[in-house]
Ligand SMILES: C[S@@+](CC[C@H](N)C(=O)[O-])C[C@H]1O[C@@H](n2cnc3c(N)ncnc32)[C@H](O)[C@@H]1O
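Below, in structure tokens: the form predicted on its own, a single chain.
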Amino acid sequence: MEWKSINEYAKAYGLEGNLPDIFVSLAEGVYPPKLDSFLIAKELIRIVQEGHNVLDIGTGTGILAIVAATKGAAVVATDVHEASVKCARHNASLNSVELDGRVGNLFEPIRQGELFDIVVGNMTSLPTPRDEQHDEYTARTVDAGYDGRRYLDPLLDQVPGYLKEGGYFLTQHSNFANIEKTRNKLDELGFEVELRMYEYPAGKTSRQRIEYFLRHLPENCHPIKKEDGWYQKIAVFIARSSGGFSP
């Protein structure tokens, strides 16, 4: 497999120099490093400490898991896609770190009694018209249901049961999937929540769905029209359970 530094991927988003010098290779059908991964990585680097137990759900190429492992964390990396788990294992080896790669949906691969200092969940959250037809890759990496919350809501509902006291949950999504709804749900679950807010141009698939967003989503989920095109808000959620450590 060919490989390159994640900073090379990040240059397209103006984030070069902000991330560790980690190398990744891609494999067919595996979601490549993109903006969402880099924005979460910035917060993960700030929080993770040597000796932490970290769970990376929907690991893809494994870059978030590898970021944590390079800081001395013990990492479990899961993905519903077997080829992604294999790719993450390969990339961990490429960076001379270890991770425990497991295949399964959300928390299915986690053993009874396993608890983590940090859970990272970077799931697809793009609202998708009900009648759109997709190939397997697009369905797995882009289709998040009519409101973008097909995977996000189950993730939020279950994550408190897998965190140590004072542990952190990190996730991200755009305003298309309703940032306010996620914030309110985390508040209800008893988390202390910080938000990192960004504004970026809408991606290719999002631009193809602008009409759907405007017609079928609440106003706070609408794209933002500017002179040079359509934009989205992106929120990175840093949610801390009660008590315990601080970064």
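Just count from 1 along the sequence shown to find any residue number. As the structure is a computational prediction, the values presented were derived from the model and not from experiment.
What follows is about the form predicted in complex with the named molecule, which we do not show.
In the predicted bound form, the named molecule sits within 4.5 Å of a heavy atom belonging to Val80. In the predicted bound form, the named molecule sits within 4.5 Å of a heavy atom of Tyr151. Ser174 falls outside the set of residues with a heavy atom inside 4.5 Å of the named molecule in the predicted bound form. The shortest heavy atom separation between Asn105 and the named molecule in the predicted bound form is within 4.5 Å.
Just one of Met123, Val159, Leu126, Val97 comes within 4.5 Å of the named molecule in the predicted bound form, counting any heavy atom, and that one is Met123. Checking 126 to 134, 161 to 169, 69 to 77, 97 to 105 against the named molecule in the predicted bound form, the stretch whose residues place heavy atoms within 4.5 Å of it is 97 to 105. Although the named molecule is not shown here, in the predicted bound form the stretch 58 to 80 places heavy atoms of Gly58, Thr59, Gly60, Ile63, Leu64, Asp79, Val80 within 4.5 Å of it, in sequence order.
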